[in-house]
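Presented below, as structure tokens, is a lone chain in the form predicted alone.
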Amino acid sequence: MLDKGTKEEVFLRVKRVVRAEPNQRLDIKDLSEVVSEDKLKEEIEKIRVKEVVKEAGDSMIITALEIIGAIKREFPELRIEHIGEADVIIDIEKNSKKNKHQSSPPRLYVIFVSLILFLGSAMAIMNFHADVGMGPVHQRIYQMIMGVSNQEPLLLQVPYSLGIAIGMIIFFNRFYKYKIDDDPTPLEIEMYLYENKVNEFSLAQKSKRAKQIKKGKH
């Protein structure tokens, strides 16, 4: 056991989002990354901060001050440098065992959704081409190159259609299970931004509720 009055300096990087189960004990190691001397780090990581309660609902907030306070109770003289987020959002996963078995959607459902997306995309592209008059443009280009008129210039339309498909694959950086390169796809970026917005909203709602409860007690 380390000396409680140690003058060691500790760097604490608080996490943004942590997933936990109801009644789970949350230690320092679950909520943040600790940089310090090895023995001190082990002692700090074992410190209990809070327990996930059922009353919290789907999420709860643990502030960086709560984490630092828990460490200070065990090591009062410790110098703590806080880096990272001001609050940790705890996503409470209920029935986690059941969710693991249902994590992959049924194949029929995937086929149905893919078919709807395919038909919707096809209709959107065809309507766009009808609005801008792409058909007459292809006919005109074919006449300029070949010297004859053709109402269905497949020599242009087929490569053009394939080009659209190849362009979409390159843009989304994914074909079936394979990625063209290591760059994030537009969908991954949108999901990242969406998750950040959800976390910010959840944090704001929890903070607002905590203030209302505090006012009600007074």
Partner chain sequence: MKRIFLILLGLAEGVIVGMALVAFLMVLDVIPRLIRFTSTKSKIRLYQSVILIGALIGILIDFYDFALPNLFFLNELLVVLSGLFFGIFVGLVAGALTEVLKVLPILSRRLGLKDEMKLMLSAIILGKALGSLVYWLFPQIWS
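What you see is a predicted model, and the numbers here were worked out from it, not measured in a lab. Positions refer to the first chain, counted from 1.
If you look for the form predicted in complex with its partner chain, you will not find it shown, but the lines that follow are about it.
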query	finding
Candidate from 187, 65, 47, 35 lying within 4.5 Å of its partner chain in the predicted bound form - any heavy atom	187
Region of this chain that lies against its partner chain in the predicted bound form, out of 66-74, 39-47, 160-168, 24-32 [heavy atom, 4.5 Å]	160-168
Residue contact check: residue 51 to its partner chain in the predicted bound form, 4.5 Å heavy atom	no
Its partner chain contact in the predicted bound form: residue 201, any heavy atom under 4.5 Å	no
Residue 117, heavy atom within 4.5 angstroms of its partner chain in the predicted bound form	yes
Residue contact check: residue 129 to its partner chain in the predicted bound form, 4.5 Å heavy atom	yes
Its partner chain in the predicted bound form - contacting residues of 135-153, heavy atom within 4.5 Å	135, 138, 140, 141, 142, 143, 144, 145, 146, 147, 152
